[in-house]
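Just one chain follows, in the form predicted alone, and it is written as structure tokens.
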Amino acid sequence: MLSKSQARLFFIGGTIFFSTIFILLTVDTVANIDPRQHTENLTKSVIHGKQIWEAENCMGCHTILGEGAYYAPELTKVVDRRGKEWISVFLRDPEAMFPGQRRMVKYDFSDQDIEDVIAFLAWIGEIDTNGFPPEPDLMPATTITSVAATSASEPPAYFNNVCVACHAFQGNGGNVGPALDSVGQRYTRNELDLWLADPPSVKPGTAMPNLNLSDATRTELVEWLLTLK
């Protein structure tokens, strides 16, 4: 049993010891804030994107760095998951990308606003978060192997960045729309071109939105789709 003087010494020594540890950890944390956040990449575009994020109360639905609401997806690594081009298309009209499913407000952002929001999200994704958020614990998609699949050319970048969210190719991609592995057998060049130019005009009520593709992008997609036989 400790005497009063020993107990007092034990208390004072313990307080000094743990206070010192706390101070050292605090100093270490503060010293690593800038390197881990890459503050050198804080451009005007990133800052404006953050201002839009706050002004529109995006955290009322989304989480970022683990903070926010849980109604909508976590966005810390959204640029890595989706890519800048897909996010850009989505922000222009969220409902059009997922008809009848998404409840995100269409904010009528300008092109510059969209670019700045994406810049902010990209900067967030570069922060060293010690592995947060963790990779989803999902089974890998089953790859379809066939003569047609192995002979097809590589998908255009636009497909990999945008279309893959809804369509699958060789077993990888979304299931909102049909898989495209043999689409070149079912449609002509003209039919594919008309469809990609304005899907709702060809089939009213279709889930596929008008993505307002440029002529060059549409032509590239059509040429690739025709090889899928």
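Numbering starts at 1 and runs along the sequence shown. No experiment lies behind these values; they were computed from the predicted model shown.
Although it is not shown, the form predicted in complex with a small molecule is what the next lines describe.
Shown here without its partner, the chain carries C61, V176 and L180, all of which come within 4.5 Å of the small molecule in the predicted complex through at least one heavy atom.
For K203, a non-hydrogen atom is located within 4.5 Å of the small molecule in the predicted complex, even though that partner is not displayed. Although the partner is absent here, G125 sits far enough away that none of its heavy atoms falls within 4.5 Å of the small molecule in the predicted complex. In the predicted complex, no heavy atom of T188 sits within 4.5 Å of the small molecule. For the chain shown alone, V117 is a contact residue for the small molecule in the predicted complex, at least one non-hydrogen atom being within 4.5 angstroms.
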